[in-house]
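Quick heads-up: it's one chain on its own, the form predicted alone, in structure tokens.
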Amino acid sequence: MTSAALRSRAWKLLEMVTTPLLPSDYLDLVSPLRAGADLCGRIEAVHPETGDAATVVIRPGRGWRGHTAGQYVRIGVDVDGVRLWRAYSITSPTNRQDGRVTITVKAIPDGKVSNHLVRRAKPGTMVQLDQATGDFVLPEAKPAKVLYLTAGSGITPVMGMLRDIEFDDVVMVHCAPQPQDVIFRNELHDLVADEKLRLTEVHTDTDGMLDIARLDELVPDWAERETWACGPAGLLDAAEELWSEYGVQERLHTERFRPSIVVAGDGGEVTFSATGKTVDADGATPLLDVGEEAGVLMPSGCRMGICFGCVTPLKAGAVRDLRTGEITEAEPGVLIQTCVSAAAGPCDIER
């Protein structure tokens, strides 16, 4: 009998013993990071960065295909018995020798996953992973001059870039409320000391919000630089307007963590027909958040309208797109993105 036939017979015997489960179910318990298992990772360390931010070190399973600097990864985390998915930028370099990856998370008010990862996650905790994705990345050909324009946690994808590739002429303008709120501040200042980075910090508690027109003063040659910008919608909107005004919009690359919010209507009663739950919702809260708050199991991904991981049938009523204000009414086959849609009157979501 061949070795392949022996393995096949042995596997069938194992299936008989483990019924109704499969042998792979037990292997997942013993070796969850093995090749062939659902992609997951093990948290190996959590390093505080600021009072409300921490870097999480993750050992990914063997199915992990790596990443490109600037990309993000969707992570499934079990919080109080419910698996929730969020997207975080990868902050480790692509060539990290130990094969680990890091995400750097800023805890936001009422953020279930961010607060859990920053304040409660422990080494040994298993998380689910998707493959890295995103097009907020560096080009293959090195630009002669680079500008990074960031604010708050918008620095995280850019830090992955800084750690991955050195450029001859790099400038960063970064906004944070106070010096102690600047994530990676010590590392950034080490780069400055080594003359690998020119850094301007804008401390908004004392300096006020960055007026994009100040770039003429802070970075006189900003229009000549290939620019990567990441931060709040207001900053990115202003940057896109300025770059367009000067006719250099092709040199500006942006990453938005949250959708731009517009006036969203009056809200209404939301029915989650599959679970029988009905809740009142305002016109500005994404239906994804409404459902999660009500205890409904909601699929999700990037939470900013890019990956379509939250797409759900709209059975009745109407919703408003929080980015554009566009109304979508229910009809057969209509799907909506719950992360960027709010109730525009009573509606029924098939969850």
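One-based numbering along the sequence shown. Note that the rigid core is defined as the largest set of C-alphas that superpose within 1.5 Å between two forms. Remember, predicted model here, so these are calculated numbers, not experimental data.
Beyond what is shown, the protein has a form predicted together with a small molecule; the following relates to that form.
Would residue 251 sit within 4.5 Å of the small molecule in the predicted complex, counting heavy atoms only? Close contact is absent here: in the predicted complex, residue 251 is far from the small molecule, nothing within 4.5 Å, heavy atoms only.
Looking at the partner-bound form in the predicted complex, is residue 257 within 4.5 Å of the small molecule by any heavy atom? Residue-level check for residue 257: yes, a contact with the small molecule.
Within a 4.5 Å heavy atom cut-off, is residue 156 in contact with the small molecule in the predicted complex? It does: once the small molecule is placed as it appears in the predicted complex, residue 156 has a heavy atom within 4.5 Å of it.
Hey, in the predicted complex, is residue 87 touching the small molecule, heavy atoms inside 4.5 Å? Residue-level check for residue 87: yes, a contact with the small molecule.
Among the candidate stretches 167-175, 237-245, 112-120, 198-206, which one is within 4.5 Å of the small molecule in the predicted complex when only heavy atoms are counted? The contacting stretch is 112-120.
Just give me the single entry in 229, 270, 101, 105 that has a non-hydrogen atom within 4.5 angstroms of the small molecule in the predicted complex. Selected option: 105.
So which of 46, 302, 69, 290 reaches within 4.5 angstroms of the small molecule in the predicted complex, heavy atom to heavy atom? Checked against the cut-off, the match is 302.
Residue 68: Cα shift of 2 Å or greater between the shown form and the other one (core-aligned): The answer is no, as the C-alpha of residue 68 shifts between the shown form and the other one by less than 2 Å after core alignment.
Would you say whether residue 45 is displaced between the shown form and the other one, judging by a C-alpha shift of 2 Å or more on the superposed rigid core? No, the C-alpha position differs by under 2 Å between the shown form and the other one.
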